[in-house]
Ligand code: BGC
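One chain comes next, on its own, written out as C-alpha cells in the form predicted on its own.
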Amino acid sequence: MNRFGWKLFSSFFGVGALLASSCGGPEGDGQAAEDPDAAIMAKVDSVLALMTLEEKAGQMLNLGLAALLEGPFYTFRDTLVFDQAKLDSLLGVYGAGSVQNLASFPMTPEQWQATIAYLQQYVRDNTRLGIPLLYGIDAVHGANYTAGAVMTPQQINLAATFNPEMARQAGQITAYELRACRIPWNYSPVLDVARHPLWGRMFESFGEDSYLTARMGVAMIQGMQGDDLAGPTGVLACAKHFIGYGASYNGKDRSPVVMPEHMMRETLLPPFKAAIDAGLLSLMVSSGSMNGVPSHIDKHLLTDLLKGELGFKGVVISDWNDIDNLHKIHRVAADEREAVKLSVLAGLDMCMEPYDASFAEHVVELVNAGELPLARIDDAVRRILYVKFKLGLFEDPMMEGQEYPKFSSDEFDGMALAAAIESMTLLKNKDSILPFSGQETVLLTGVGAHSLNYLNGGWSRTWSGQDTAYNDTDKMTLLEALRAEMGDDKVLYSPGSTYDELLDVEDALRQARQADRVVVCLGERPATEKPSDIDELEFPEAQLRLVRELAKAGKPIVLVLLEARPRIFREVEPLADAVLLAYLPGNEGGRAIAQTLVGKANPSGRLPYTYPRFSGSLWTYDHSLSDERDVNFGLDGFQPQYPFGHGLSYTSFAYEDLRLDSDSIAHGDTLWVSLRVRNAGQRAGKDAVLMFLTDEVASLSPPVKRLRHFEKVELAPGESRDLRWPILPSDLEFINTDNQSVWEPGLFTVSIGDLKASFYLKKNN
C-alpha cells in the first residue's frame, strides 16, 4: 500500500479483514470474483457500515476549492494558500467528500498534483476513516483549466464533424491530461439537446438533434472513461444537465422548460439513456425546471425515471449552488433546510454547495428529526463510494508512479487540429472563390481575426474565457496562421471592430481597396452560463456595418464566423461570396481556418443545427409540416439561412443507387438501406452521409424528417464506396401521449441527399 493508501486498510486490521472476506476468496462463494461490481459493492457496504450519520452527510457535500483557501471565496489569486481553519472545519469536522474546480487561475499539472496530494493527505491524516476525496472539474474542451493543456474544439465543432471518432479522441485527450493532474472526475459531456438557437451554451452541446447528440456523446464518454476507470488514463464522465437545460422556452440560461413528457422522452431523453447504457456513472441536474417543477426536486425525473426506469446506478449531483436556489430563485422551498429535504427526497445524491457545509448540517438535522429516511442517505452514499472504488481512489488516489509524457504533445495538438479542420463548415462558395490560390493579397479584419479568445470561447483557462493573461503564446491566431500559410506580404490586417464598436473603418476600407480578397472574421464575445444570455440573435450592428462598408471596395468578401450559436447575418449575407462557419475551434482553430482558406484542408463539416434567417422564425429541422405554413397558407414558411446538415466541399460527391432490400417489413424485422457515394470532383475529400426517415402518417403529427444514421467517408477523386445501414424497429417507433414507445403501420420514406425511397411497415399477423 502506497503512502496515499486508504486509512482503513493501513490502520484498521479488523476492517481490512472484513473487506477481504466480503470480496470473496478461497473459502468464499466466488460470486464477487465473477462479478467485479459485486466485489465493489461488498467493499462499499463494509465502509458504509462503519460510517456515522455525520460522515455520510459529509460524503454528500461537494465544495468549491476556493472555500478552503485564505480570503473570500471570490478573490483573485495567483498562488494558493490553504486556510487551516477552513480545512479543519470543512474537511476535518464535516468530512466533505468531494472538491471541485479551480481557484481563479489555471494551474500547471505539477501545481494540480501538489494541490490534490495535499488535500488527499489531509483527509487521510485528519479524518476518522480517511475516505479519499473525489476531485471534479469542468474540462469541457480538453483540460481547459490546466495551463498548457490541449484545448480541443468545443463540442459543437465535434458535432459538425459528424464523426464520432473525433469525439472519442477529444475525450481521450481530456482524460489523459486530467489524469496527468491527478483529477479523476470531469463535468462533461453536455448531453443537452439544444432546441433553442438563442441559448448561449449551444457551443457546449452537440447541436439540436437527439440522435447526433447520443452518438457523439457516447463516443466522448467512451474516450474519457476507457476500459478501466481506475486505469491511468480513465476519468469519470459526468453528463449534464438532466434534463431539458438546452430547451428553455425563452432561450435563456437556467430557464424553465415547457414540454409534455412524451416530447421530452422523444427528443431530450435518448442521449442520456444511450450514455447510461454505455456505462455513465455520474450525472448533473439541470438548473431549470420542467413544466413548473425545478429539476432538483423532481422525484419523477430523478428517481422514477432516471434511477428506476433507466437503471442509473451512479451519482446524481446538483449544479452550482442550485439547492440554495430552490428557495432563493425557484421559490419552491421556504428556506435552505426545506430545499435540502425536497432535493434529497427527490433523488439527489451529492450537493454542489461550493461555499460552506450548510447542506451537510441540514442533512443530519433532517434525518435526526425523522424528515429524511436514513435509507435514502445510505443509498446516496453507497453510490458515491461506488464510484470512488471504481476510480481506484481507495487504492491509489494519486496514481503514484504514473508519468504522462504526452501531456501537451505534438500528437495531441495534431489530433485537436484534425478535429478542428474536420469541423470547418463551408456554407457558401460563390463561383468557387475558395480556396485561395496563394497568389492573392488578402485583407483580414474583424474582431475574431487576431484573438485566441474568440477561437476558444468560454471555459478556456478561465470560466468566461475572456481573460487574455492566460492565453497560450505558442498558439496562432487566424492572422498569424494565415500569414504563416500565405506570407506576411500577402496578408494585410486592420482590426475593423470590437465586438460591438467600429474601429477605424477608413483604414480597413483603404486596405481593402489594395487587396484582391477581403476576409472578415465576425465573432461572438466569449461567455457561458448567464453571461451568455443575449437579447438579439443578430450579430452586433457594428460588425454588420463593417461588412457593408468593406463591400464598397468592390472586392470578393469571405466571411469567417466564430460563434457560440448561429448569429443572424441575413442583411450582409448577399454581400459575401463565401461563408465559412468555424464555430469555436479551439487553440488550433487559427491553423484550421487558415489551412481551409488556402485549400491545404478540404472542408467537410455539416451544420449540427438549423441556421435561422430571422429572429422570429426559429425552428429545428425536425419540425412538423404545420410549421411550414406561410402567411398565405402555403408550405414555404420554413426558410432558414442554411438547413441542418448543410455543408459544402472543394470537391463534389454524388449519391447513387439508393436501394431498399424490401418494399415492406413487419415490426421486428430489419430492413437494409444501401447507397453508393462517389467523389465526382477533382480532389480528395470527406463527406458526411446523412440518412433521414419520415413517418408519412401517424396518430401524433410526425416530424418532417428525423436523422437515423450517418457515416463519414473519405474518398479520392473518382473513388466510390457502398454504404449499408439497417432500419431497426426502434427507428420506426415514437413516444405517444401515454409516454409509451409505439409503432404504427404505414408508409415511411428514406431520404439521403436528393434521393428518396419508400416502404411500408405492415401490421403483424
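Not measured: the values here are computed from a predicted model. Throughout, we count residues from 1 along the sequence that is shown.
Same protein, other form: the form predicted together with beta-D-glucopyranose, not shown, and the subject of what follows.
A single residue from the set Glu529, Asp356, Asp396, Glu336 has any heavy atom within 4.5 angstroms of beta-D-glucopyranose in the predicted complex; that residue is Glu529. Checked against beta-D-glucopyranose in the predicted complex, the candidates Arg265, Arg483, His646, Arg254 yield a single residue with a heavy atom inside 4.5 Å, and that residue is Arg254.
At a distance threshold of 4.5 angstroms between non-hydrogen atoms, Met352 is in contact with beta-D-glucopyranose in the predicted complex. Contact check for Asn101: a non-hydrogen atom falls within 4.5 Å of beta-D-glucopyranose in the predicted complex. At the 4.5 Å threshold, heavy atoms of Lys240 reach beta-D-glucopyranose in the predicted complex.
In the predicted complex, beta-D-glucopyranose sits within 4.5 Å of a heavy atom belonging to Met284.
Stretch-level contact analysis of 360-368, 299-307, 313-321, 610-618 against beta-D-glucopyranose in the predicted complex, using heavy atoms and a 4.5 Å limit, identifies 313-321. Using a 4.5 Å heavy atom cutoff, Asp138, Arg201 and Trp459 all lie near beta-D-glucopyranose in the predicted complex. For the partner-free chain shown, nothing in 203-239 comes within 4.5 angstroms of beta-D-glucopyranose in the predicted complex, judged by any non-hydrogen atom.
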